[in-house]
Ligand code: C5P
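Just one chain is shown here, as structure tokens, and it is the form predicted alone.
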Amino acid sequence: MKFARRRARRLRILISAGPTREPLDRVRFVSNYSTGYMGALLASEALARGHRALVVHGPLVEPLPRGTKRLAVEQAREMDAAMRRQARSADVVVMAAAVSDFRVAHAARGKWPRRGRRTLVLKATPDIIGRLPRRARQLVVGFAVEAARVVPRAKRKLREKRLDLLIAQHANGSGAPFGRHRVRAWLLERGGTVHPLGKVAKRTVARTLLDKIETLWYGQPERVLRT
């Protein structure tokens, strides 16, 4: 006896991936250590299950799988505009990008000289996932990276952003959760259930997340008797 999942149609899954870059001047920028690996794995897993995958991404280190539709952006405001535009037709939105939280209030038009001191005034970048237009039945999934009190802070983000699912990851100061490092992760559901995933490979996180997305969308697996 096996289980077979009911699939009325393929899902249109919108994924954000990689970092954003916020310019200081024409040659320098503020960014983070994201490589886009998690987003690439999510796209790969979605395609392997027969779904459609569109990835809105910043500057990537990791390649995206063949068959992925892609939109390249650089700054957070560009990712915000692209995600808002594409979310209107998506069944599932997965915000896996590591968006720079801040930008310089006044970037230089040229190149700042090395000499002298400079004071940077930072402004918050758009809250992309919180601003997304929502569709009926649409699932919205977030990611959270925290150095301390990971689960309590992730629960607050899940609630405040009105998310259906959230992957929380621990920033251990030794590289994780960026790149190909194994991550200590938790899967949180809207109802408050927390599933500790332990320290796992990111491919496991992607598979676990797609399993949960399919369960929420299609319902519980249908029991089929195999003779």
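In case it trips you up, residue 1 is the first one in the sequence shown, and so on. This is a predicted model, so every value here is computed, not measured.
The form predicted together with this ligand exists for this protein as well; it is not shown, and the discussion that follows is about that form.
This chain lacks the partner; the member of 139, 73, 87, 129 within 4.5 angstroms of this ligand in the predicted bound form by a non-hydrogen atom is 129. Screening 161, 49, 180, 170 for any heavy atom within 4.5 Å of this ligand in the predicted bound form leaves a single hit, 161. Of the heavy atoms in residue 101, some are within 4.5 Å of this ligand in the predicted bound form. In the predicted bound form, residue 95 approaches this ligand with a heavy atom inside 4.5 Å. Interface membership of residue 157, defined by any non-hydrogen atom within 4.5 Å of this ligand in the predicted bound form, is confirmed.
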